[in-house]
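Form predicted alone, single chain, as structure tokens, below.
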């Protein structure tokens, strides 16, 4: 395990050098937040109802802000990294070494996010303090701990979703278009763009059978109090199950992909 912790430390050191970049990434979500806020204000004014899709206007604005922040935190570029390694032949220098390439990527990814964690928590705390007088947020130490666990598991889940997707690189010469389309669909199904409550019961049932809502929608609603602690613990169990399933699927596709791999360049 020592070599993987070295990868973790390398990820931390690398991201520490550019930690201000993540703050700029968070601010890049500022304009989408404004657009969505005005959109929801218009929707609530036209509906003339205090509650729409189970949210008050202030709850919806709070959800919009938190979902954008958490989505930015969870974002991974692992699919691009793996695709580049496969396409350029750079993968060869890793597979001849005595370590697991996928675990190497995972620990490096978590190391990078460890630097971002304190920044995202500070921003979330500020947002909750600002909104506390508008939205009754029932926070406790227990709920805070559950939220942190859920965010960490969402991070691992997101990694394996995109890691699994990246395995297409062994069969598709240029998967950039697939990655771009998949990111948009995953953002939509995870609740990063809108809460999934707006899609209606039939679509929601479909989404509930998929892992994506357990990244953004689930974690945001833990901290806003819309999900009870009991349901949150159940959701964490489902997150763990999906991580195991996707981890095994990624491993299977990885082994099959290596049979197709031909090093060109690198």
Partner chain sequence: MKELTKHLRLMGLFTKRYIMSQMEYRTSFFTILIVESLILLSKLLYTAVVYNTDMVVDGLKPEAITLFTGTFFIISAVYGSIFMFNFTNLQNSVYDGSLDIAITKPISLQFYLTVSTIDLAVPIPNFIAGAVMVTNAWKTLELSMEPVVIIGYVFYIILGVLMLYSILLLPPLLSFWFVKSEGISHIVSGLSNFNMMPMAIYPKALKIFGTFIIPIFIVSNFPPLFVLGRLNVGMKLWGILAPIVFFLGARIVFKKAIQKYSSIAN
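Given the structure is predicted, the values throughout are model-derived calculations rather than measurements. Numbering follows the first chain given and starts at 1.
One more form of this protein, predicted in complex with the partner chain, exists but is not displayed; see below.
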Item to check | Heavy atom within 4.5 Å of the partner chain in the predicted bound form - residue from 198, 61, 69, 236 | outcome: 198
Next on the checklist: Just to confirm, with a 4.5 Å cut-off on non-hydrogen atoms, which of 127, 103, 185, 95 contacts the partner chain in the predicted bound form?
Outcome noted: 185
Checklist entry - Since the chain is shown here on its own, which stretch among 161-169, 84-92, 177-185, 141-149 would lie within 4.5 Å of the partner chain in the predicted bound form, judged by heavy atoms? => result 177-185
Checklist entry - Even though the partner chain is not shown here, does residue 46 get within 4.5 Å of it in the predicted bound form, heavy atoms only? => result yes
Checklist entry - Would residue 28 show up as a contact with the partner chain in the predicted bound form if we use heavy atoms at 4.5 Å? => result yes
Next on the checklist: Does any part of residue 193 reach within 4.5 Å of the partner chain in the predicted bound form? Heavy atoms only, please.
Outcome noted: yes
Item to check | the partner chain contact at residue 52 in the predicted bound form, heavy atom, 4.5 Å | outcome: yes
Checklist entry - Across 30-64, which residues bring a heavy atom to within 4.5 Å of the partner chain in the predicted bound form? => result 31, 32, 34, 35, 36, 38, 39, 40, 42, 43, 46, 52, 53
